[in-house]
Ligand code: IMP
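For reference, the chain that follows is the form predicted on its own, supplied as structure tokens.
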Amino acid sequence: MLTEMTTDPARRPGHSDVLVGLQYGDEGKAKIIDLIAPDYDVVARFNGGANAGHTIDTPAGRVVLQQVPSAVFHPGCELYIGSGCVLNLVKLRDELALLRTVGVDLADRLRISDRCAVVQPVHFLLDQRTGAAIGTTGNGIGPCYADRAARTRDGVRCNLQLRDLLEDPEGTAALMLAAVERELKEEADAGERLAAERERIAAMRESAEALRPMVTTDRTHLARRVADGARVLFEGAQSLMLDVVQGDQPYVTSSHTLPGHAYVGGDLPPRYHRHTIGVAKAVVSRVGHGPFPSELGAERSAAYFAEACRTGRGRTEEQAEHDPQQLLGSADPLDVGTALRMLTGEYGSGTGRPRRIGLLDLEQLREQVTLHGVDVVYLNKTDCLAHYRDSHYGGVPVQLAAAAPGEPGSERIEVLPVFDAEQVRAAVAGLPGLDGVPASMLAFKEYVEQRIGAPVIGLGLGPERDCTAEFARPGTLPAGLPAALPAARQAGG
């Protein structure tokens, strides 16, 4: 027999939003999370591990987070690491210690699912041997996710969770050591390396014990909080174009990055979903190998990146050898990409690697918006488009279609007016909504909206929290698709 559900406003359920990067990563997701975090009670991670590098610029300085959700500077927000994540326990303990040095103690705010898989020493060994071919960060993330799927190897458990290390530290450590021994048995220096791995395992055990007060065994924690009215923001660690299924194999991350997976890896029923928030950036970049349709310099740029990774070449070497303003005026797209990387600081926040640079690809964004039901978009680094004034383009180039296979140079590019840099900076002088935003920037915003089929509700004009021209907040929009979106999608298609 059906019973009437309560309509008591005091017990009205909350909701959840999912924030994801729409490109290849480094879109400034952490900046937007830091901006909108006051609208939420919980900020949660649902995928990835220490292969993330989320940067937040604060008055106290710059902080790069790898595993902790990006709302660390908002004391009213609970932080949650869901079961879909994989943990480097030593790095997580060190990350929490680093935050304490800038006055942020998460002892009472961070919860960690006990079902997170643990990155083991053997995973680092495997990643070092095979990861370079696809440009991994070397943090053992892929092998850890592979073992999570395999469950056992040669009849022995290989997927070890945080709860295993806390409930049976001796037995779990023995399984980790045995896995390393099997991997190193043919190595000439196996004895010396095993001694180092024993120390690593001991450090993992110590880290797990230090984290014990933050670990929860309650798999219904988020569901109960939201049922009682809490608002949750899920933070994607990696971006949509790197999803293990939807991205271009093998040049992808090893986890699911899609909005729908937030409710699997984040431990919350999807019934509470409200909005999907996308973050992109106007100067597009990619770290790692793989297809990049709008890349400036195409194959030559990819080869330059590969060589830089091999030799350790990065920001310091480029700044010593090149004048970015001179490169910017070149007719060679590779030179323009190098100049933009130098002028906009496009180097890996966690690795320091140079990032490959490309044009803003509106066709690619439209596809991601449509495929994943993105409701609203924040577009970061729009201030950096002012650099195109000094380029041979003479305006802001945007890509509307990629080159046809076998036909380099056949891509569709449209050049838009450049914003005045000083006007752009003035646009964020505490002025709300459209006030103070240059007409050329508003025209650009509307053009992008029509092309991608989603409202652009914020334009990033610098790395700091207050350097964003906001036109709306996700919380001010109606649940579901905004009313103006279908027409925009039709025009953009």
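All values reported here derive from a predicted model rather than from experimental measurement. Numbering starts at 1 and runs along the sequence shown.
Only in words, not in the display: the form predicted in complex with this ligand, which the text now covers.
From the list 461 to 469, 49 to 57, 439 to 447, 30 to 38, the contact stretch for this ligand in the predicted bound form under a 4.5 Å heavy atom rule is 49 to 57.
Proximity to this ligand in the predicted bound form, defined as a heavy atom within 4.5 Å, singles out one entry of 88, 380, 113, 253, which is 253. Contact with this ligand in the predicted bound form, defined as a heavy atom within 4.5 Å, holds for exactly one of 357, 141, 233, 374, namely 141. Proximity of residue 134 to this ligand in the predicted bound form: non-hydrogen atoms within 4.5 Å are present. Although the partner is absent from this view, residue 287 contacts this ligand in the predicted bound form, with a non-hydrogen atom inside 4.5 angstroms.
Contact annotation for residue 21: none of its heavy atoms lies within 4.5 Å of this ligand in the predicted bound form.
By the criterion of a heavy atom within 4.5 Å, residue 242 is counted among the residues contacting this ligand in the predicted bound form. Of the residues in 63 to 78, none comes within 4.5 Å of this ligand in the predicted bound form through any heavy atom.
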